[in-house]
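Here we start with a single chain on its own, the form predicted on its own, put down as structure tokens.
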């Protein structure tokens, strides 16, 4: 079922969903199931599975030259989605990126998803690899997420890259995209960021999931700006509870967002990360309750494979 249909079916009730990471290469899927099992009592209509593009490493050869090698640390997004749908009978939503994909790769990836009965995708540009200062698309790949959304929408109309194909079967993907309540780190302003978000919607995106935020006012202001700009699709807030002191510095730098002073001071007073984790849970519970009271369609949690704190939050909210 499409995400938009899940929202309609909920009839105004806020639903619970979450996002997971594929395991590191060499590990099996047991860790994924162990993280999902405790959260199934909250009846998620869907589970997101992130995609991690390749990275480059340089191996020194005996002759002193460097050999560039491509490594993929977290493969398996498509297989995990199929396993989730088979085991839990809920929709799994794979992330699909511009980075690391040519247009042909993208089309083949989407065809595989269609064969598996997966009809939701999250379309993202993706980040630059560690060896790059700025994002670089693949040769004959997409530079921006709106271009990727456009290709998926073309497939939904039965328009494939090979124009000579005949009797094409249209795909039927529901397309999600990312929104940034405090703007994307590369955007010059929030208004310009919303301008390009609207372009993604124009090209076929049917719902938005936001980057994490810790001040609900930022989310409410973002939604108001989106509506004023003519964006009418559902906007789903994404939440992540603070879990370690290190994240006080890491999260603002990595995701270009602000942490509220009250949250910062509560974390600073903690003697260890166990106490920090509890502060993060309590803060996220209060965020969640306020968002539910405002009628958000879904609360989406970035679990990153750790379900104990997400379960504690969900148990207090749902």
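Numbering follows the first chain given and starts at 1. Since this is a predicted model, take the numbers as computed values, not measurements.
As for the form predicted in complex with a small molecule, it is not shown, yet the points below apply to it.
Colleague: Report whether the minimum heavy atom distance between residue 186 and the small molecule in the predicted bound form is within 4.5 Å.
Modeller: Residue 186: yes, in contact with the small molecule in the predicted bound form.
Colleague: Does at least one non-hydrogen atom of residue 122 fall within 4.5 angstroms of the small molecule in the predicted bound form?
Modeller: Because a heavy atom of residue 122 falls inside 4.5 Å of the small molecule in the predicted bound form, the answer is yes.
Colleague: May I ask you to check whether residue 76 falls inside a 4.5 Å heavy atom distance of the small molecule in the predicted bound form?
Modeller: It does not: once the small molecule is placed as it appears in the predicted bound form, residue 76 has no heavy atom within 4.5 Å of it.
Colleague: Find out whether any non-hydrogen atom of residue 219 is located within 4.5 angstroms of the small molecule in the predicted bound form, and reply yes or no.
Modeller: Residue-level check for residue 219: no, no contact with the small molecule.
Colleague: Just to be sure I understand the contacts: of 182, 107, 146, 91, which is the one whose heavy atoms reach within 4.5 angstroms of the small molecule in the predicted bound form?
Modeller: After the contact test, the surviving option is 146.
Colleague: Counting only heavy atoms and a 4.5 Å cutoff, which of 78-86, 240-248, 205-213, 160-168 contacts the small molecule in the predicted bound form?
Modeller: Heavy-atom contact with the partner occurs in 205-213.
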